[in-house]
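Take a look at this single chain in structure tokens; it is the form predicted on its own.
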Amino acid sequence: MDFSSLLVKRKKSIPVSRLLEHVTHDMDFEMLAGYQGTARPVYTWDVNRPGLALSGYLDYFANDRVQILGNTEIHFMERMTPAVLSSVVANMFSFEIPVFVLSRNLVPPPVFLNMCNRNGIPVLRTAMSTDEVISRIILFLSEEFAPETVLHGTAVDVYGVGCLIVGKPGIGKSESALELVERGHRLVADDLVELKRRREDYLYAQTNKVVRHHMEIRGLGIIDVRSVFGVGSVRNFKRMGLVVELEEWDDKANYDRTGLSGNHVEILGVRIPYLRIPVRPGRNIAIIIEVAALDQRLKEMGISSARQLDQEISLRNQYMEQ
């Protein structure tokens, strides 16, 4: 399967109102000024502390980021006369600034709030520490700006390993996942799997909000896995640790018989271990995926059964040659 052809979606910007909507619940934001500017766009997941900008140095001002004002910035502003502060802030506002966020319930000078009101730049305040504000906002924005795509397949949590099952339509992805659920594992998504990269090396699958935990079984129809097997049989998201591609058995194909190759695929820039499993009557694919998941857990612990056996055979051959 060609994963490089997947259509990758990236958000170019989000409005400040989305930050308010999703973070206010956790951070208890209070809006002090700039009520009319909640539609201003945020273009990046990173944040900025504008200490240098307040001192007048604007050559490398990261104006497109959320601006964090802590004790240092507020106390620096308090030392300025209103005229000087007004001049400095006016120079800053020649750039497009999305929003200011104050920590520790700090109170900025009135001249600063007045200028934010006139320019429509929102000013938010929370009681949290500056470090906590920065970490929570970065966490939320990195999630919002993470690259994502939708893949036709099935995602299942098998022994704690997220398995992404792919293959041609009708190959048996849903049936294999159904047997895995019946054996006590948990379904994440079927048919439409939403994939999102979090941080640099984690790929998460999550449930499609429309399809949810419904599954189509040919000859049976659509079933609700959560209703049939119980709430413990499903989960909404899971980090993917293994890609399993099912394909029809081909006598002429060269399938891996040792497990020494260590194949990987790259999805959204994340390298994930990859297995190609041939399907034919009589093969229990669910059990094979279970064993593959357990073997992957061993590999993550630094244990490779295939390599250990290969080393033992090599040592034995060396001994026999002596």
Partner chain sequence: MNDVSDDVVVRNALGIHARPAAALAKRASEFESEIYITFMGNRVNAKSIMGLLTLGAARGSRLVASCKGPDAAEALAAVKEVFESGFGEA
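Numbering follows the first chain given and starts at 1. Just so it is clear, the structure is predicted and the values come from calculations on it, not from any experiment.
The same protein also exists as the form predicted in complex with its partner chain; that form is not shown, yet it is the one meant from here on.
The candidate site formed by L7, D191 and I222 is fully in contact with its partner chain in the predicted complex, as each residue has a non-hydrogen atom within 4.5 angstroms of it.
Stretch-level contact check against its partner chain in the predicted complex with heavy atoms at 4.5 Å: of 109-117, 70-78, 127-135, 203-211, the positive one is 203-211. The contact with its partner chain in the predicted complex, taken as any heavy atom within 4.5 Å, belongs to M215 out of M215, M240, V88, A146.
With the partner omitted from this view, the residue of R226, K196, H152, R104 that lies near its partner chain in the predicted complex is H152 [heavy atom within 4.5 Å].
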